[in-house]
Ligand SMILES: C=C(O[C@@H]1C=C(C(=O)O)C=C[C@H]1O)C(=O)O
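Presented as structure tokens, the chain that follows is alone, the form predicted alone.
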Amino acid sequence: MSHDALRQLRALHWLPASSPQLSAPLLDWLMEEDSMTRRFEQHCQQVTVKLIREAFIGAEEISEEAEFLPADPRFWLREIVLCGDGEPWLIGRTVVPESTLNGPEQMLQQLGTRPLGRYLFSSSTLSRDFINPGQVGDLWGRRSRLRLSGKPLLLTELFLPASPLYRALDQG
């Protein structure tokens, strides 16, 4: 399941936030400025992380993501499944330039099964450059460039079918 979902995440088609395909309830989720982990915690008892892959990769493995990041030779890659009460809700892919990983940001390499949002949103140096909504088939996702102490990382998220995002759409 996770490898198919990662392929779908990489195939997201990016849309402008003004796209007529994006309803108000959908935009409420996709343009969330706060931690998605916190948002998910409002819909379940426990949010957990299943680690798919965590490793350094070469620049050739980041393809279109490269346009949003410095031209480093190596990047820290973290691919995870975020689960609500054990049910897969989101696939996340974080790409961090090696140049970002100095000082306190080295902690990004040691998150393990800790949600990225818990680390990022506890930092007073966090800022966000943009959020791009995206779609692949019936699934929605988003891409966001964040900065810690001005140093960039790129986070791409695909909301899986069991995600509370889709329950919100059914009610809207």
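Heads up: residue numbers just count along the shown sequence, starting at 1. As the structure is a computational prediction, the values presented were derived from the model and not from experiment.
Omitted here: the form predicted together with the named molecule. The next part is about that form.
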Could you check which residue among I131, I62, I52, L120 gets a heavy atom within 4.5 Å of the named molecule in the predicted complex? L120
Find out whether any non-hydrogen atom of D28 is located within 4.5 angstroms of the named molecule in the predicted complex, and reply yes or no. no
Taking heavy atoms only, is L155 within 4.5 angstroms of the named molecule in the predicted complex? yes
Partner proximity in the predicted complex: T37 to the named molecule, non-hydrogen atom cutoff 4.5 Å: yes
In the predicted complex, does G141 come within 4.5 Å of the named molecule, counting heavy atoms only? no
Among 99-107, 63-71, 133-141, 29-37, mark the stretch whose residues have heavy atoms within 4.5 Å of the named molecule in the predicted complex. 29-37
Taking the named molecule in the predicted complex and a 4.5 Å non-hydrogen atom cutoff, the residues of 94-118 making contact are T94, R114, P115, L116, G117
